[in-house]
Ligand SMILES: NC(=O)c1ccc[n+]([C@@H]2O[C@H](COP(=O)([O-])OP(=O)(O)OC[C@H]3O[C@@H](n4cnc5c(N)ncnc54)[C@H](OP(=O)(O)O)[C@@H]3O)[C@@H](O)[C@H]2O)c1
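Given next, in structure tokens, is a single chain: the form predicted on its own.
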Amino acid sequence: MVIKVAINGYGTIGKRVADAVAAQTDMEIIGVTKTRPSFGCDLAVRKGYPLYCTYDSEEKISAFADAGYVCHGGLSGLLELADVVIDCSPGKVGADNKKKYQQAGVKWIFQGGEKHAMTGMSYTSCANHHENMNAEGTRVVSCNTTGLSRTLMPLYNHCGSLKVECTMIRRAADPGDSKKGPINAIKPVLKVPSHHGPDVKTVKPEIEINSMAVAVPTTIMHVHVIIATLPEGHGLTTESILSMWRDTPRVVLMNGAETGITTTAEVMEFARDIGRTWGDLHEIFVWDDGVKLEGNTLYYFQAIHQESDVIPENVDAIRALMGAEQDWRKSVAKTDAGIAASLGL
């Protein structure tokens, strides 16, 4: 069975998800939506993705033709063809879109900009793939929550319990976003805890976690400063934790002193060097010389590429909702192999 996938919102996340889906042998892109004619339409046309309008208004649909694009219709027409729709539209419109998807009888996936309360389900492959099997819909959690899940879940699975305090050093905006700041300031998130820790509990409620956050004037990555308290008798060492993470999908470890990769700028250069489209890094980057276990307390840093770590998670979430693969590790392996093959890597 080839799963027919629609992408509602072909922007920063949508264009990446579309390529990841198109790289899978068990999925196909049947259409992507744009709200209006723009440069993003050219990319969709070059990729061979059928172009649809986010709205069903004939006036808005005809605007695409006036701009020289072939538009195959509005969102409702696209949904008639789809098995599942991945919603990559701007935040705060999810509730209205969810009603449309339910009326059309298609499964749906939202992104981390929407609230868990709206979707009722959230997803990361390593934490709760099985719980999302055959569900009506779900929400792929944010880039930061995804990153926390990737390194915390192996620890939790080994220890059976975990207490975590983390500080999120957040980029101020995506590279292509000129409307946000701060430009010359460090801006603390004064709501404590920040939403990141509680969001982890939407996919793994058993992890005790609190978080704080600050926004800084950079656009390329987030950095997490994590302190995890392990239970007595955990039986781990710094080296065994590093080995555990090396065996964890979508986590990459490097030694800053040996490689010279000591900043987020250099991490992004590494992603470009290995041939990733847009210089994306789907993996969570951990500096192994910044990891230290003292007694029951684990200290480490990790870097998150906010534009891309959730992309393969969307593909795995499709398989969960469609009941196509019960084993999350098998889905992850298939997703990552498809992406790598599409890039000739």
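What you are looking at is a predicted structure, and each value in this text was computed from that prediction instead of being measured. From 1 onward, residues are counted along the sequence shown.
This next part talks about the form predicted together with this ligand, which is not shown.
Using a 4.5 angstroms heavy atom cutoff to this ligand in the predicted complex, all of T54, C143 and E307 count as contacting.
The single contact residue among P182, P90, G260, P231, judged by any heavy atom lying within 4.5 Å of this ligand in the predicted complex, is P90. Among R171, K204, H224, R250, the residue placing a heavy atom within 4.5 Å of this ligand in the predicted complex is R171. Residue contact with this ligand in the predicted complex: V21 places no heavy atom within 4.5 Å of it.
Using a 4.5 angstroms threshold between heavy atoms, T277 stays clear of this ligand in the predicted complex. Though the partner is left out of this view, T35 does reach within 4.5 Å of this ligand in the predicted complex, counting heavy atoms only. Although the partner is absent here, G112 is a contact residue: one of its heavy atoms lies within 4.5 angstroms of this ligand in the predicted complex. Stretch 35-43 is the contacting one of 290-298, 277-285, 316-324, 35-43, since its residues have non-hydrogen atoms within 4.5 Å of this ligand in the predicted complex.
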